[in-house]
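Presented as structure tokens, the chain that follows is alone, the form predicted on its own.
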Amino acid sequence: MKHEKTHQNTPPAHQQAGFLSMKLLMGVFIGILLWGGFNWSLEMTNTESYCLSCHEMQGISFDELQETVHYSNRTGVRASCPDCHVPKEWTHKVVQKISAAIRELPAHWSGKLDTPEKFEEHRLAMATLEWNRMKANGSRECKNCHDSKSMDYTKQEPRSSARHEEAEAEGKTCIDCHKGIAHHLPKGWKEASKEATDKK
């Protein structure tokens, strides 16, 4: 009797397959929603308007960028905050986003940089951190737009072409020479750069 009761409560094989298919489809649908939501959030936080939603960026960093050729130039090509500070490749982008969130959100919430005076106090440390990151990745973000293999040295000023050829021969990367091209250089930056070079 017990055997018959168990048999009667077990759904037929085609119903079990149907339930399994429904669960699988629901799992795929939920996975797509989660993945899409994550990527949407990632891209929303990868815009200049998002960067400027923190008041620390307005009046200091963004104002400095607007003074440079990266913001306004004869060709109309503009580099925004993410172009220089966020990698294009997905894996590197996620790592950089997590790293930046760990550093920058607590600094924002605690008011660590909420006045020009506080910003200046931490400018050297922030710049050094970014320079070291760019040095370690071979100035990857610079190379999204500037590729030495595409440079025509004959169209550059003699001094620039000589420096670029020399840098390439010595295995230097963009940030070794091009510090302060988008933001003001902090006090003590030469000493900090020399100290970093001497450690190598």
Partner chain sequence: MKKILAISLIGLLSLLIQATAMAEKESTENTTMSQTESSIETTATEESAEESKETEATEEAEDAEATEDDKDQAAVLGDSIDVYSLRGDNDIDAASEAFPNHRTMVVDGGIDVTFGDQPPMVPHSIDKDRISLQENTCLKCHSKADSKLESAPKPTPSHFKGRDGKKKSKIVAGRYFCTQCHTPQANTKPLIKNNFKD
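Keep in mind it's a predicted model, so treat the numbers as computed, not measured. Numbering follows the first chain given and starts at 1.
One more form of this protein should be noted, the form predicted in complex with the partner chain, which is absent from this view; the next part is about it.
Trainee: Pick from 64 to 72, 28 to 36, 147 to 155, 43 to 51: which stretch has non-hydrogen atoms within 4.5 Å of the partner chain in the predicted bound form?
Mentor: Residues of 64 to 72 come within 4.5 Å of the partner.
Trainee: Report whether the minimum heavy atom distance between residue 18 and the partner chain in the predicted bound form is within 4.5 Å.
Mentor: No.
Trainee: Report yes if any heavy atom of residue 22 sits within 4.5 Å of a heavy atom of the partner chain in the predicted bound form; otherwise report no.
Mentor: Outside the cut-off, so no.
Trainee: With the cut-off set at 4.5 Å between non-hydrogen atoms, does residue 163 touch the partner chain in the predicted bound form?
Mentor: It does: once the partner chain is placed as it appears in the predicted bound form, residue 163 has a heavy atom within 4.5 Å of it.
Trainee: So in the predicted bound form, does residue 130 come within 4.5 Å of the partner chain, heavy atom to heavy atom?
Mentor: No, no contact at 4.5 Å.
Trainee: 159, 185 and 194: each with a heavy atom within 4.5 Å of the partner chain in the predicted bound form?
Mentor: Spot residues vs the partner chain: full contact, yes.
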